[in-house]
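First, one chain by itself in structure tokens, the form predicted on its own.
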Amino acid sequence: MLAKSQAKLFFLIGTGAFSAIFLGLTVDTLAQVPVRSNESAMTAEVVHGKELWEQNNCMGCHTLLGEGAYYAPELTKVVDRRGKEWMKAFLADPNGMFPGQRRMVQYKFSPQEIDALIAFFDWIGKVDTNDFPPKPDLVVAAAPAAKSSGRMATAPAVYRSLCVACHSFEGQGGKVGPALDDLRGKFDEASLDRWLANPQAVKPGTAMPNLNLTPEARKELASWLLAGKGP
């Protein structure tokens, strides 16, 4: 058993040592804040996006960095999950992409406001959060297939900007929807065009959104997807 003087000395030394450790960790944390917070990339557009986020009470449904409501998806890494072009189409007309399914309010954002919101989400997605939230399944960084035909190099712009957020081709793309490497026996150009024009009309309740593609974009996409179709 320690004597009273020894116990006092033990307390003082322990308190002093752990106080020094705490102060050292605090100083180290504060020194890392500018880099880990992505402060250097905070532009006026990013700030405007944050203002729109607050003005429209987006946190009433969504979370950022784990804070907010859990009614709607977590948006810290939404740019990684979906991509900027997909987000532009969705924010412009949420119900148009998912008719009768989404409860996302139509805020009637202007193109400039949509760009600002996406800039804000892109910025916050690059904040160092020690890998929070976990890497999403919808990333566009899947490993390429061992045998590549090189067709990805000729993919239409609409595929590279929108479809790739959910689908993969030759191992590259999202994981939420089926891979599109081989559509033989499933579609011809006419049936694929009907599907792309209005997925809900072909298969009610499908998770496939209506991307509101122009006839020209649908034709180009269908021709590319079916280019390698066998007999």
Ligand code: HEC
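Just so we're on the same page, rigid core means the largest C-alpha set that superposes within 1.5 Å between forms. One rule holds for the numbers: they count along the sequence shown, beginning at 1. Note that this is a predicted model, so its numbers are computed, not measured.
Missing here is the form predicted together with the named molecule; even so, the following discussion is about that form.
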item	value
Contact label in the model of the complex: N56 to the named molecule, heavy atom within 4.5 Å	yes
Any non-hydrogen atom of C61 within 4.5 angstroms of the named molecule in the model of the complex	yes
Distance check, Y71 to the named molecule in the model of the complex, heavy atom within 4.5 Å	yes
Any non-hydrogen atom of W86 within 4.5 angstroms of the named molecule in the model of the complex	yes
Within 4.5 Å of the named molecule in the model of the complex, all of A92, A157 and F169 (non-hydrogen atom)	no
Within 187 to 215, the residues that have a heavy atom no more than 4.5 Å from the named molecule in the model of the complex	F187, L192, W195, L196, K203, T206, A207, M208, P209, L211, L213
Core-aligned CA displacement of G174 at least 2 Å between this form and the one not shown	yes
Rigid core superposition, T206 Cα moves 2 angstroms or more between this form and the one not shown	yes
Core-aligned CA displacement of Q32 at least 2 Å between this form and the one not shown	no
Relative Cα spacing, T76 and P209, in the model of the complex - shift of 3 Å or more	farther
In the model of the complex, whether the C-alpha atoms of K175 and T76 sit closer or farther than here (change of 3 Å or more)	farther
